[in-house]
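Presented as structure tokens, the chain that follows is alone, the form predicted alone.
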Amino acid sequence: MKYLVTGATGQLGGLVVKHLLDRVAASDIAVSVRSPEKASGLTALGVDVRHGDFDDLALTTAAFRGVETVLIISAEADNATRIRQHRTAIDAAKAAGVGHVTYTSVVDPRPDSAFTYAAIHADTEQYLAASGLKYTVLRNSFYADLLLAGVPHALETGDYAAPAGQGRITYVPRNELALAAASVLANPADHVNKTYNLTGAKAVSYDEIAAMIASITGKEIRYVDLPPAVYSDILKSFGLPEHGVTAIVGLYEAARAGDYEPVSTDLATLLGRQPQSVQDFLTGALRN
């Protein structure tokens, strides 16, 4: 069987390939990337590196040929662009004769979610289900890794800031989600037409996250609940595109509404154990 991962030079895709190499032979793995020269390390391992681009149906179809199962990892762009790109990737899979498509979605993918990127995933899930292809949907919760971005400022000022109010989120380390994706990709017959909600084992608040960072570092850290408008201006100062700012601020709005509190056992089932906790992830990241 031939397995293919898109976006393999990205953070999630790279981890999926790493874990897939522990499960199947390198010669059975292909990757589709926009810049093959950036995947030279995978070529050296014996992985089949192919040129694909979700903006080019013919190119992506060629990249998917001879592959039984594909993992489509969501791209980075505005909503209209990503919806079109994801539909192109699914059309390419059909045209290439792919048997099974696995897609990385997001928890609570509602078109009307305050987290505006959720509408992309809602459309892609619907399009994939209607394609006639065998499929698996991995609804990933938010990466615990993202919590590290605010740590330097917190250590300097004592303030760990976000516009989350008392909202709670089921953060999960990116590596845990990559492990689950590799497991599904390597055994597609066990996951036909299934949708998994991949969350951490506990929803945590930002008060709790700040307390964790304080206990790990020995610093006095407090959570500061920023007004959304202030946080939006901060993101804009970093040069984030408008659609990214809107989505991130919306994520916290959705969290305040309780949208990301529900905990699922799906990730534990796929991993065969409980996923790493936010506390353990932060401890490992901040003490190394």
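Each residue number is its position in the shown sequence, starting from 1. Keep in mind the model is a prediction, meaning the values are calculated, not measured.
Missing here is the form predicted together with a small molecule; even so, the following discussion is about that form.
This chain lacks the partner; the member of 242, 68, 261, 55 within 4.5 angstroms of the small molecule in the predicted bound form by a non-hydrogen atom is 55.
The listed set 199, 102, 74, 124 contains one residue whose heavy atoms approach the small molecule in the predicted bound form to within 4.5 Å, identified as 74. Within this chain, residue 148 is remote from the site of the small molecule in the predicted bound form, having no heavy atom within 4.5 Å.
Within 4.5 Å of any heavy atom of the small molecule in the predicted bound form lies no heavy atom of residue 191. Using a 4.5 angstroms threshold between heavy atoms, residue 277 stays clear of the small molecule in the predicted bound form. When the small molecule is considered in the predicted bound form, residue 82 lines it closely, a heavy atom lying within 4.5 Å. At a distance of at most 4.5 angstroms from the small molecule in the predicted bound form, none of the three residues 165, 222 and 246 contributes a non-hydrogen atom. Stretch 46-54 is the answer when you ask which of 228-236, 253-261, 46-54, 22-30 has residues with heavy atoms within 4.5 Å of the small molecule in the predicted bound form.
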